[in-house]
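Here we start with a single chain on its own, the form predicted alone, put down as structure tokens.
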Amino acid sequence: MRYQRVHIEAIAYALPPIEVTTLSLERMLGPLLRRLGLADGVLEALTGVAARRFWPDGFLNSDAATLAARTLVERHGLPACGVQALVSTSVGKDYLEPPIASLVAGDLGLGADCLNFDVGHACLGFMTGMTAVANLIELGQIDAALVVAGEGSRTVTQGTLRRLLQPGVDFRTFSEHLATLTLGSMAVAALLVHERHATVGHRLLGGATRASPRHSRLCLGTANEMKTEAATLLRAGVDLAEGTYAAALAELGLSTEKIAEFALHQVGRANHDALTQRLGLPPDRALRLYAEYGNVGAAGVPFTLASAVERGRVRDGDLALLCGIGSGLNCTMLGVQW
């Protein structure tokens, strides 16, 4: 896929206020860890995640997405043409219906001419939402769109802790639920516009998407539980990413040397290391945020890009590659000329 007229006008995120350390989770799981003969510090040693954040109890995914969108509007404003689409890409849902996008559009007071819908694509959702609205912009059907993701991990983490403290839990069950204990919360919003409404030169170039649905059952999640075949998922995900990376470079005419920053989905140390090694990415050009924030679902890749820009790792004119992988398995990589 290639885009000629699509710009990322602005991106913003909102951090949940409550920090929960991995050490505190270990203390809660003390009886299980002692029974399994696992040493203190095992969770952080296995995952590289030292902390994650929670929203206050009762704070919905739509509340988080609205907060990120309002943060973006307060800092950057909206184009004179208005917003003709709002897409929510959160993994979690507040209700089966209505879609989160409708709730956020209502919270923001968007009008009758603003299309709103949800994109469900696991942790790849935000990037899939970006491509959906980029297609509409490129075709000239809309001029501007908001893509949002509000992720909350409190419910599934608390449910997992309760489950792991039940009698009879063995090491295999602990391993299946380990990835759940890396989940964090976050909210992100991005404003994409047609080039004629752009005030900055952050152009979305396009990229490539690949799928491996034969691995669709390696990670199965509900609102209260997520079971993962972590080792197999890691290998299959890296295999899929390798093919997607080659396709994206070929599509955009790029090489590793030309890319200033690789914004990877933040999963954990093992995934980050495996991906950078297999793809041959310079480690100093792939920001690590999982240690402080955990795996924040669909918000991970845009949060990484926004953080890289804030830290001066991506400057005007630099090339960045957004690299997302979602359970299913699906992978998308998108180039941005910042």
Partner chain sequence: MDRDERRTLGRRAADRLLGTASGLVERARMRAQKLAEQGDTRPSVVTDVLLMESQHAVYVQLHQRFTEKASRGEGGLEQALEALDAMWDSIRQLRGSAPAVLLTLSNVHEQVQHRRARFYEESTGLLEDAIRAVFAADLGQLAVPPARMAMLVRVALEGLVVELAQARTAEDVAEVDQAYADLRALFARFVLTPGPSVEMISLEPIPLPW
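Positions refer to the first chain, counted from 1. Quantities reported herein were computed from a predicted structural model and do not represent experimental measurements.
Absent from the display: the form predicted in complex with the partner chain. The rest refers to it.
No member of the trio V20, T22 and A306 reaches the partner chain in the predicted bound form with any non-hydrogen atom inside 4.5 Å. Of the listed positions (R285, R70, R269, R278), a single one reaches within 4.5 angstroms of the partner chain by any non-hydrogen atom in the predicted bound form, namely R269. G237 is the sole member of G207, G125, G184, G237 with a non-hydrogen atom within 4.5 Å of the partner chain in the predicted bound form. Partner contact region in the predicted bound form: 228-236, out of 92-100, 251-259, 195-203, 228-236, criterion any non-hydrogen atom within 4.5 Å of the partner chain. L36 belongs to the set of residues with a heavy atom inside 4.5 Å of the partner chain in the predicted bound form.
Proximity of L46 to the partner chain in the predicted bound form falls within the 4.5 Å heavy atom cutoff. Put simply, L178 is close to the partner chain in the predicted bound form: some heavy atom of it is within 4.5 Å. None of the heavy atoms of A134 is located within 4.5 Å of the partner chain in the predicted bound form.
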